[in-house]
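In the block that follows, a single chain appears as structure tokens, in the form predicted on its own.
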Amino acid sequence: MRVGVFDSGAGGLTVAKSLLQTPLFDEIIYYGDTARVPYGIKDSNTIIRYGLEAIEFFNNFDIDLLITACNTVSAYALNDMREVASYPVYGVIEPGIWALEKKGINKDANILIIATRATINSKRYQIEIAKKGFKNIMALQTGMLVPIVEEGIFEGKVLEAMLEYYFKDIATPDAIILGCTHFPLIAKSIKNFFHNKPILIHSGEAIVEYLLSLGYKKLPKTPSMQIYASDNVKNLRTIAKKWLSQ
């Protein structure tokens, strides 16, 4: 089987990494829209258009399903993409919320969602988590963390200063939804900031467990992977080589 993984840029490589570590498919086709990253500052109509254009790209490949690794696209464009695709299209928001429930976290726990402006403004996480009975939900726009990760900064003073900027007035949560595929790369620094106390929900890990729950089976060998980009594919492949080894 062949799976497509779509992201606004390099962040979706964290989802691809989980699919490499827990093989469910024979081949991964990765497409990063690097010419137009970030999506988190775009309006909803633009995000939907980008999602539909991604379907056109993947129609050139005989994929069995598509994973929209970008949380922002998952928030705004998933239904539109499903309407025109000839294969199943999965986002990462539903699996992330499913994973939160599977952790057995108390419904009175303090849940923090960190994501881009567009994802937070969609209220998709907040509404769906509240439907599951969680009472204490806080959503925080942390979009400036995206370019820091894109620069390959996963720890150190620059990142620590940005985490201090965002989190200085926030009490330590019980769980944090990493609502952007870039954020698993700085998960260690985020946990350290909160003294290693919060449970972190990671989109890549969540989508793998979610697909397993739907009946997809583990395969005995690591899948092959092709990487494409709308701009500077050489740079994306360099990033992939580095990130996938983290």
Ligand code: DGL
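Numbering starts at 1 and runs along the sequence shown. In this text the structure is predicted, and so the values were computed from the model without any measurement.
Quick note: we don't show the form predicted in complex with D-glutamic acid, though the next part is all about it.
Participant: Choose one stretch from 188-196, 35-43, 54-62, 210-218: the one whose residues place a heavy atom within 4.5 angstroms of D-glutamic acid in the predicted complex.
Facilitator: So the stretch in question is 35-43.
Participant: Applying a 4.5 Å heavy atom distance criterion, does Val146 contact D-glutamic acid in the predicted complex?
Facilitator: Yes.
Participant: Answer for Ile67 alone: is it within 4.5 Å of D-glutamic acid in the predicted complex, judged on heavy atom distances?
Facilitator: Heavy-atom contact with D-glutamic acid at 4.5 Å: absent for Ile67.
Participant: Even though the partner isn't displayed, in the predicted complex is Ile177 close enough to D-glutamic acid, meaning a heavy atom within 4.5 Å?
Facilitator: It does not: once D-glutamic acid is placed as it appears in the predicted complex, Ile177 has no heavy atom within 4.5 Å of it.
Participant: Scan 96-116 and write down, in order along the chain, each residue with a heavy atom lying within 4.5 Å of D-glutamic acid in the predicted complex.
Facilitator: Result: Thr116 alone.
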